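Single chain ahead, by itself, as structure tokens, in the form predicted alone.
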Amino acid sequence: MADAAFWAICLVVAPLFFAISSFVRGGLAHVFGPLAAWLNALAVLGLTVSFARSGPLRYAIGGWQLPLGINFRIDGLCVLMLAMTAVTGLAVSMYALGYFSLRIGSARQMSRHEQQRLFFWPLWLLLWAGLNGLYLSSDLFNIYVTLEITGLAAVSLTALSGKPAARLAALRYLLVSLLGSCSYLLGVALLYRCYGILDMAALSRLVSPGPLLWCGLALLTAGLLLKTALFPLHFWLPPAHANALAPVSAILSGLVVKASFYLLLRLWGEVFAQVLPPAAYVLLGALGCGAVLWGAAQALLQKRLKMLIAYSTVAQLGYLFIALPLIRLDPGPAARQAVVLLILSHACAKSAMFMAAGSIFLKAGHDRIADLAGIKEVLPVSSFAFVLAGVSLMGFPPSGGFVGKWLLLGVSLAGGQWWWGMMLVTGSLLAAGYVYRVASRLLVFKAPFFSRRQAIPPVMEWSAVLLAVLAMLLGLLAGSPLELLAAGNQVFSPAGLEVLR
């Protein structure tokens, strides 16, 4: 089991080390970045193998025990989130390698694109270290630190393009992120005042209803909802995701918004589940329904491809919140399995969509949906990646999105709450509508007339295809991730964890 602790430490230290190295030796950043991505994938593989052999555990860093020590918690959900970040992050890193090389090689303002590449890699690796630390941490204050690292790095990446729209979106993102962080930190302070400890495993055994608990949990939830951009708090997300550089958009939509939802899933699904009333879950589910309807309706109205994908993210996040009341309703593992499959498939599909959209923009010189007819003649691979990722978002078989929605539909009908299932079906039909809007233009037979003739590097196109195919394979190979999830079901049980020093 010491192997698992070693790999867990590497997952935080390695990206952080290469992020600092990229700042210090900026000329080698484009070498350090992909190298860090491959090493991170190796560390996740080692952690997964060790976890499959030994099961869930806790690692007390430096041998310090609670309440003073910092603990890492390694369970099924943690391993799956780390694997999602590793696979998606590796694909985005390889895409970014070709993306910046192309822009530097073909742009008139070469120095501006070189500067973008110079700052992209250290910021991306810093964000990656924050994500890994967040998924491994078991203490609410340490999670706050990783949230801040992730949020500040994400804001900086959003502004990296230098366009006025991107800077304005980044400023809005920064203000919302800081407000969410302040709310979260106040909630942490109230919980510490109430119980004198912030470890999630310990809190799950100590919590009892009371005014301080309700206030603390409300502040925690409000802060995380802001960071997740749940409707109607989503106003910052579409401009930030649509105006960022293509690899940054893939990172923000595929990975960053999952971090705050992961914490909500932990808090509402495990730590405080025994004291929260059912009406609270219904409220979050209702907001999720609003996100599905509003996000899809706005996506149908968009004229720009990246803005359509950004509003699609708002809609797809709604499904995750619809799953929360079903998790409370379901005595079995089906609803929890469904939400994890939706998280994994959305990360792959949405990153693939933004990566394909970035390639289309570079080739066509724009991302106006109405003027993309014939793009498949010059970018068949990217067009295929976009449509295949859209199939997963629609929830068509055999994608991971289909299996996740099918499981949630079964839980809603078995529990007599058919309205959640009806919303899942409605959302899938709306998703089919906005995906078809784009596919009908991408796949049309027409002689292409585009202003930019530079060749898109194969690594950019095939990185998007890889993630789109993986989103589909998640439906066929769902048993493997679900087995890992089942191995950590008792993570908050004292008997279900081994402590390493």
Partner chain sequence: MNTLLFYDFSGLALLAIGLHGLIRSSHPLRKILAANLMTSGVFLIMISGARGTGQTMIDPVPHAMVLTGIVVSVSTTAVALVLVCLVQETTNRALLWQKRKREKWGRTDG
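None of these values were measured; they are calculated from a predicted model. Positions refer to the first chain, counted from 1.
Keep in mind that the form predicted in complex with the partner chain is missing from the display, and what follows is about it.
If you check the partner chain in the predicted bound form, you find no heavy atom from any of L255, L264 and A273 within 4.5 Å. Among heavy atoms of E377, none comes within 4.5 Å of the partner chain in the predicted bound form. Contact annotation for Y144: at least one heavy atom lies within 4.5 Å of the partner chain in the predicted bound form. The partner chain is not drawn, but in the predicted bound form it has a heavy atom within 4.5 Å of E148. Though the partner is left out of this view, R205 does not reach within 4.5 Å of the partner chain in the predicted bound form, counting heavy atoms only. L185 is the sole member of L284, L185, V387, V403 with a non-hydrogen atom lying within 4.5 angstroms of the partner chain in the predicted bound form.
Checked against the partner chain in the predicted bound form, the residues L152, A373, C289, A280 give one hit for a heavy atom within 4.5 Å, which is L152. With the partner chain left out of view, the stretch that reaches within 4.5 Å of it through heavy atoms in the predicted bound form is, among 314 to 322, 264 to 272, 174 to 182, 333 to 341, 174 to 182. Using a 4.5 Å cut-off on any heavy atom, none of the residues of 216 to 239 reaches the partner chain in the predicted bound form.
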